[in-house]
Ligand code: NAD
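Next up: a single chain in structure tokens, the form predicted on its own.
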């Protein structure tokens, strides 16, 4: 399918390709929707095998951001950007980040960039030297690393799942398998360990695994075995598209609730298959909204009390979706229906209130 066909099928407003001759930067920015407000979404820096793979990723991620903002009841739209690196592990440079910042600035605030896989607070600050439309830095822009807030929201989603099953949201003795020990995954492990959970973990970085073993007494399994781990809750916190029909058949978890974006290869099909199998699935774009709430909330001028309240509300929103899903094929369908209702209702605060944080 050509780009226009993909855009129209998924409802995107704008998709822009950019090449900076001086630095070699190749990047794509996809704005899915600005119906509820300016579109906030992370910048992912990754080596893609093909340009088609990069386009698929940015389109899917940006659509997910629109649904995430809507379900979190934020007056924000959804977007995403990707930087295509020439090879895996290509070093990040200030020049590249500044070039990306200039690209972002051409959107005049319709797109607000944030952190995603492959970049950090320093990269955000470098970008912010060229644009006022980036969040998540420490010195030039504001917000810092949103990972702790994302992890807390995912934990709140897990509590909702336990409540839906008629259990107290008490994690003592529960077995939780965490796939991916990046910033969010490690923060989630910290929260779960403090709450009394027993952890099974995996990551491609042996140093991160060793840290989890030392800090949380975690059990380690091979990266290929984590999705089949016997556990109460499976939490994918690495890259997306990790659960399809084969993985659903082999699941030995009672609940799937993770911080990754686009955990399911085909959300409609795979979420329904999990429901049929009796596995409770918490839609990722609902439970992982904590980071968006943090950065979007700061952008909108919310105080810490309001930010915490909105993150805690992820628990009630998730429970509401799980209850509505009793009459639908899956919780994914219920979450999508909630997002569509919010799109129809319009922004809870007008676009004119949006300002630089």
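Residue numbers count along the first chain shown, from 1. The structure presented is a predicted model; accordingly, all values stated were derived computationally and were not measured.
We do not show the form predicted together with the ligand, though everything after this point is about it.
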None of 136, 180, 78, 157 but one has a heavy atom within 4.5 Å of the ligand in the predicted bound form; the exception is 180
With the partner omitted here, the residue among 199, 255, 74, 238 that in the predicted bound form has a heavy atom within 4.5 Å of the ligand is 238
Would the ligand be touched by all three of 7, 62 and 244 in the predicted bound form, meaning a heavy atom each within 4.5 Å? no
| task | Tell me, yes or no, whether residue 203 is in contact with the ligand in the predicted bound form, where a contact means a heavy atom of each within 4.5 Å. | result | yes
- Task: Answer for residue 259 alone: is it within 4.5 Å of the ligand in the predicted bound form, judged on heavy atom distances?
- Result: yes
Would you please decide whether residue 128 lies within 4.5 angstroms of the ligand in the predicted bound form, comparing each non-hydrogen atom pair?
no
4.5 Å heavy atom contact, residue 223 and the ligand in the predicted bound form: yes
Among 85-93, 180-188, 128-136, 100-108, the stretch whose residues bring a heavy atom within 4.5 Å of the ligand in the predicted bound form is 180-188
Those residues of 119-157 with a non-hydrogen atom no more than 4.5 Å from the ligand in the predicted bound form are 146, 147, 150
